[in-house]
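Next up: a single chain in structure tokens, the form predicted on its own.
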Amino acid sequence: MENQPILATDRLLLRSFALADAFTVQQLAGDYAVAATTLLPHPYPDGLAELWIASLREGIERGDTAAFAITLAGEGRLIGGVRLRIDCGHRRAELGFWVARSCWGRGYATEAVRAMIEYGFSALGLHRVYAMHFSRNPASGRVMEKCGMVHEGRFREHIRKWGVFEDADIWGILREGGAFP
């Protein structure tokens, strides 16, 4: 995954995931509170983080993925992840992100998402970035709104999580007319 740059923000460094991150990914993403508001599994099975990191590498090499580990700039500690699933033909990407529960409410997700959107527009030449979140998780919507995304609608009972159909809100931002040139 060396063909991705390191993205620096005021407090974060966004870098490529390494296999050495697998244990930390399993611990943080496997937290029940994190899994409950995302599509992440719980419990998080042994070996899945290694497979996921390998799949990111393959997606980056194919050009249909951009994915970064969110780390604290001062100490390098991994606190989450942010990814774009790229549709090159339509010059759009679906954004996804997660942050460790111990880091919620500190603005790290907003900082990482803003950097990823900027990267998508400036380096990847995207026209549109969109994202979805469970409607019962308005904190994710606030992150998207702070990053200049516009609430575009709600898909009723769109996702089945742990046997329950969940509503999902969709947000989007365009390169022109959005927060980015």
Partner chain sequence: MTGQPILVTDRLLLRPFTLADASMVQRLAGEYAVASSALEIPYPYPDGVAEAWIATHRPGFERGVHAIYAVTCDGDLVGAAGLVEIDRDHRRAELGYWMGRPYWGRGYATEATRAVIEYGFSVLGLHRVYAMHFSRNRASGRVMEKCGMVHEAHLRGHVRKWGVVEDIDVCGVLHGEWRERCTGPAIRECRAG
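Residue numbers count along the first chain shown, from 1. What you are looking at is a predicted structure, and each value in this text was computed from that prediction instead of being measured.
Omitted from view is the form predicted together with its partner chain, to which the following refers.
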Determine whether any heavy atom of Gly153 comes within 4.5 Å of a heavy atom of its partner chain in the predicted complex, and answer yes or no. yes
With heavy atoms only and a cut-off of 4.5 Å, decide whether Arg128 touches its partner chain in the predicted complex. yes
So, Leu7 and its partner chain: in the predicted complex, are they within 4.5 Å at any heavy atom pair? no
Taking any heavy atom pair closer than or equal to 4.5 Å as contact, tell me whether Ile170 reaches its partner chain in the predicted complex. yes
The one option of Arg77, Arg101, Arg85, Arg91 with any heavy atom within 4.5 Å of its partner chain in the predicted complex is Arg91
In the predicted complex, segment of 120 to 128, 26 to 34, 54 to 62, 136 to 144 with a heavy atom within 4.5 Å of its partner chain: 120 to 128
Relative to its partner chain in the predicted complex, which residues of 47 to 77 have a heavy atom no more than 4.5 Å away? none
